[in-house]
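One chain is shown next in structure tokens, namely the form predicted alone.
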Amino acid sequence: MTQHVSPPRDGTGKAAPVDGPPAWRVQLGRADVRTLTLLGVLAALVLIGGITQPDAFLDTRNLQLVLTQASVIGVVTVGMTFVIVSGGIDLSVGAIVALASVWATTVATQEYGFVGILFTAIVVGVGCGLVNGVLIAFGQMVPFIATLAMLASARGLALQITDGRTQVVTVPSVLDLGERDAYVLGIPPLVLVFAAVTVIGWLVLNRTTFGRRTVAVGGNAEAARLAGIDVRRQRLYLYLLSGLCCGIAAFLLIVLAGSGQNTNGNLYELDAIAAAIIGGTLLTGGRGHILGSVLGVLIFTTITNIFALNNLQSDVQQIAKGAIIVAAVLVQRRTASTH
């Protein structure tokens, strides 16, 4: 007698597919396609730069400058990616970078030398992230409102500290990090820090329980809570992480500029969000890619460099960035609707 075995069924009562690759392999394939696409865009930009300004763009010093400039916003973008993956947003990152940079370059702080400047920048960044996290996680404030308030407050405090003046760094050990003598095998120290933050961010998001909880909270916060995840504490940690990245970025900016200004970090929040979006991070949360975000940063920085070398106006540059963001969002929506 032949026994009939019913096919497995999904939650809707329909027969579940028994053939086809597993879900993790499909997601990996999408990530590979996205990464290759972004690498293709970056390669095309390099080709354009090499054709339009071959001597200037392909010069070793210019390429080092592009990577160095990408390092500051890149570190901020890593923290922003975690926040967006969790379903949040942080509009205050640029203002936090400004506040941390001016607080760390006051005359009183510089008396403590390299350690004092680095410590102050990180503490200020983490402190601002703590305020954001408490307001959002425990104060039940909407992330947009809470971080917008921090943006205004941090900018105002940075202006008050500097009184509108540029604070010049006089600590040799800090300034030396920006000199060519400090390069390691031709790589600026700032780029090495950016690379380290990127690797650590990728490992945390993809290979740790913290990363899995972040994705779970962004995908469905209520389901994550029912699964035993402390959603409020997780959100607090994420804004602390974003603040930490802002503090590190502020120190890198101090090394790069040799000063602290209240205008530092202007529009960093928009650049970081845009880089994360074109890198494949969903604004609704639940999915994000550190490598994609980093490639997004490199694409935007390369565009800026090409426009500057070709003496093109900044308004055209902003239009180009806007077009790239719109295209990335449309691709995301089309991909989501077909899967």
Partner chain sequence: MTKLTSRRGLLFGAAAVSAGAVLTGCTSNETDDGGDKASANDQPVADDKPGKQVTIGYAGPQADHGWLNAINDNAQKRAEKYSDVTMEVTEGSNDTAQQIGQIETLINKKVDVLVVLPADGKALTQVGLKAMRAGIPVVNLDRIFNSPQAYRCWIGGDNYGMGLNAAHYIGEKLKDTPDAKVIELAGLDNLELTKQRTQGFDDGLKNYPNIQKVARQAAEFTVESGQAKMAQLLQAQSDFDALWNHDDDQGVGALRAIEQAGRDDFLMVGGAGALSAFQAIKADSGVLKATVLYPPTMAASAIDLARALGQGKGVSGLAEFEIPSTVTCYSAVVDKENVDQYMSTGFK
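On a predicted model such as this, the values are computed, not experimentally measured, just so you know. Numbering follows the first chain given and starts at 1.
This protein has a second form, the form predicted together with the partner chain, left out of what is shown; the following refers to that one.
Only one listed stretch (233-241, 206-214, 162-170, 113-121) carries heavy atoms within 4.5 Å of the partner chain in the model of the complex, and that stretch is 162-170. The partner chain is not shown here, and in the model of the complex it never comes within 4.5 Å of any heavy atom of residue 37.
When contacts are judged by a 4.5 Å heavy atom cut-off, residue 194 does not count as touching the partner chain in the model of the complex. Contact annotation: residue 268 falls within 4.5 Å of the partner chain in the model of the complex, judged by heavy atom distances.
When contacts are judged by a 4.5 Å heavy atom cut-off, residue 284 does not count as touching the partner chain in the model of the complex. When the partner chain is considered in the model of the complex, only one residue from 153, 220, 106, 263 comes within 4.5 Å through any heavy atom, namely 263. Only one of 143, 201, 178, 87 lies close to the partner chain in the model of the complex, with a heavy atom inside 4.5 Å, and it is 178.
Site residues 91, 276 and 324 are none of them in contact with the partner chain in the model of the complex, judged by any heavy atom within 4.5 Å.
Heavy atoms closer than or equal to 4.5 Å to the partner chain in the model of the complex belong, across 54-72, to the residues 56, 59, 61, 62, 65, 69, ordered by sequence position.
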